[in-house]
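A single chain comes next, written as structure tokens; it is the form predicted alone.
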Amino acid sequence: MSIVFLNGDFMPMEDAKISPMDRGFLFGDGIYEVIPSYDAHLIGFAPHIERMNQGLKLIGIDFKWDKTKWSEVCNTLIKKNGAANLGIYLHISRGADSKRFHAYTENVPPTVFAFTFAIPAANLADKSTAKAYKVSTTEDLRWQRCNIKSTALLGNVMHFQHGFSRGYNETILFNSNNEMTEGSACNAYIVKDGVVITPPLDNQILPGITRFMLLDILDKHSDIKVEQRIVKMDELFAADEVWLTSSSKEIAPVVQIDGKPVGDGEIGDLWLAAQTLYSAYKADY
């Protein structure tokens, strides 16, 4: 039985009820996070909670739980659901009002919901077992505040479907200036001549927690050069390696884009070095 958390109580999933007037349902008016845990150890917990609090502030939801409270909720869910490897989904909407009205509600308590779901075992730094990704590309048509991890994900869903319906694992997006932004559900990188390159954070790009951890780990524990700069799409197609990162993917190697091989079409050596380092130090966050 799956046990969830809703507005202060733990309960079976089938007992969790949310009003159809909830603004998360009507408007996608909320913030969410997904935190992976392996063998009951949360990965990137503190930066995930910090990003969620920043998102709540940016959209004006007044909700102030500290990390200790969130840790209690997450660890209780892990204990009650009992699997070795779980993703913990945290969701805060602006709450349920008595009417549908576009302006922010006042004096309405936010809806707080959390549940777990099974995830695969942590990635291994092993080319023979790593999942090689094949991706498509398309123009980024989402809204201009992609730095906010909003529950309103229709744009991301449609872009993911663009690739999925064509047999690809993901979709890498580019803006009107032919600059790579990110994937539909992840951050994106190229590797050229031994340098890891990823677009700088701005309103087009979600500040991914795995991105933050990876760049920090490479800076502190390796001599691998990293650049944060604009990446043109012709650089993407000419890259030696291409990676995607997210909490569920960790560092995912891309071997094909729009049906054409990346580099020699095989998982690269720098991916192996980066995933080895990430696996060694991710529990520090």
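Residues carry their position along the shown sequence, with the first being 1. Source: prediction; values computed, not measured.
The same protein has a further form, the form predicted together with a small molecule, not shown here; the description that follows concerns it.
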*Determine which one of 74 to 82, 191 to 199, 161 to 169, 208 to 216 lies within 4.5 Å of the small molecule in the predicted bound form, judging by heavy atom distances; exactly one does.*
208 to 216
*asked:* Is it the case in the predicted bound form that 137, 232 and 239 each bring at least one heavy atom within 4.5 Å of the small molecule?
replied: no
_I'd like to know whether residue 142 contacts the small molecule in the predicted bound form, with contact meaning heavy atoms within 4.5 angstroms._
yes
_Even though the partner isn't displayed, in the predicted bound form is residue 156 close enough to the small molecule, meaning a heavy atom within 4.5 Å?_
yes
*asked:* Even though the partner isn't displayed, in the predicted bound form is residue 247 close enough to the small molecule, meaning a heavy atom within 4.5 Å?
replied: yes
*Consider residue 45 of the chain shown here, and say whether it contacts the small molecule in the predicted bound form, taking contact as heavy atoms within 4.5 Å.*
no
*Taking the small molecule in the predicted bound form as the reference, which of 180, 88, 92, 186 has a non-hydrogen atom within 4.5 Å?*
186
*Check each of 255, 34, 56, 26 and return the one that places a heavy atom within 4.5 angstroms of the small molecule in the predicted bound form.*
34
